[in-house]
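Before any questions on how it binds or moves, here is one chain, the form predicted alone, in structure tokens.
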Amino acid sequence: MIADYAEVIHDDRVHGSLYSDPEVFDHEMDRIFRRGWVFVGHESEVPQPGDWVTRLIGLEPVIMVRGTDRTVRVLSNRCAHRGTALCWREKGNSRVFQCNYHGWTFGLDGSLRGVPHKAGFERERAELGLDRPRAVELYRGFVFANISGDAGPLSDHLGAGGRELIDRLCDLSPTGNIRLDAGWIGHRIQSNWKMWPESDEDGYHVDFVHISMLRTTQSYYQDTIVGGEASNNSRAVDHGGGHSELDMRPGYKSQLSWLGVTREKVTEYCNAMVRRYGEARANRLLWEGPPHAFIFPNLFLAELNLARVEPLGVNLTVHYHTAVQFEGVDDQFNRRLLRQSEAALGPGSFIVADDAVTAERMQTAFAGAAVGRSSNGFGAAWIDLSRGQKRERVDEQGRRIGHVSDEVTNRAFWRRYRQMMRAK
């Protein structure tokens, strides 16, 4: 049992039991996924009244739905009578939600609408609506929920850094809006969920874990991430609040490197960007591209992809991803984004498959980790996170910055994690 999470989470190392202890996982579901803000989805996934998708907030099954008043809500996917799951599919469209156990029906706002043979019930109908998170907020179409309602406003959770990262992605659309309607692919991995924020934001492993990709493809990663300190100027950035980024902008060699094309290949898109933002800002956006960033605790802005992390157990996680689609562009441009997503993260791709094998091997290695063992002897199971700590600097905005291969991003995650896990 961990009495104080400061004992197992230091500034430069963490203990392996954090990945393998079921009690730690139970604490996380409460302190991070119930008491904190969690990414649920995007409003574009439910464009019409009655549209819904099913999700998990930690282990809590929920429905994200657009009501007849066009408000996006998050409701419990559990009947208020006897607890039967209301929606079994991933998505759909309904005028009401009906339980198949006793026929109770609920409105799109979660209110109880109908009870068969109601003479046997004395409770007020208003008391029997669906449970729901006490706080739901949107930012640029991204839907976040806080089950307990105790986390404060979403703006505080995102902070200036989190908002900037989301803004940089959305502003690449000529309308300022993105869509997440291309469908999700989930990879089910036998690993702890925390390995995915770590891996998704780790600039040190690409040369080794993804060597087969580097040998067979040409991409901007050659200029921005691989090769170590002597080969690129990209940065690892801690934006605060657990949000972090592998900032590849200093490593790009040309405009639109992040898209893998020249301006002549996407003239209509570039012209639309100029019309919206003006020549100077459009040129800057087209050079800098989207962020490679993580929003604590479960949202990965994977450049032109978006991923969410769903923990199912102490050693079981689903890593979902989808292609970002832009509004205000032609279908051919969005098909390009979809094809690139398939090549980068799909079932036949290199990246997620490589990372999944690594994560599962790590999980196996942590199986015997236990708190209280010698700090230096066999079985100590400490994980070192000190790379670049001494050369890390703090800029004028208060961000911690290091080389892209430094473990700035991992330390950013664990610093926020420790804060939340110690909260009473």
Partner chain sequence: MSVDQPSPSAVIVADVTRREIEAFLYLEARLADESRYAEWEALVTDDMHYWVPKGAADYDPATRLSYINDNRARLATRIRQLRTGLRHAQTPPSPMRRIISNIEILEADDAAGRFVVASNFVLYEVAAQATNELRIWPGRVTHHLRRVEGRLRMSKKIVELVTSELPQPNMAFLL
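Positions refer to the first chain, counted from 1. Everything quoted here is computed from the prediction, not taken from an experiment.
There is also a form predicted together with the partner chain; it is not shown, and the following applies to it.
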| query | finding |
| --- | --- |
| Q190, G348 and V357 all contacting the partner chain in the predicted complex, non-hydrogen atom within 4.5 Å | yes |
| Partner-contacting position among L286, I185, V266, C87 - heavy atom within 4.5 Å of the partner chain in the predicted complex | I185 |
| Selected contact from A353, L172, L154, A272, since only one has a non-hydrogen atom within 4.5 angstroms of the partner chain in the predicted complex | A353 |
| is_contact(S231, the partner chain) in the predicted complex, heavy atom dist at most 4.5 Å | no |
| Heavy atom of S341 within 4.5 Å of the partner chain in the predicted complex | yes |
| The partner chain contact in the predicted complex: F208, any heavy atom under 4.5 Å | yes |
| 4.5 angstroms heavy atom contact with the partner chain in the predicted complex for T217 | yes |
| Partner-facing stretch of 73 to 81, 289 to 297, 315 to 323, 116 to 124, counted where any non-hydrogen atom is within 4.5 angstroms of the partner chain in the predicted complex | 315 to 323 |
| Neighbours of the partner chain in the predicted complex among 15 to 52 [non-hydrogen atom within 4.5 angstroms] | none |
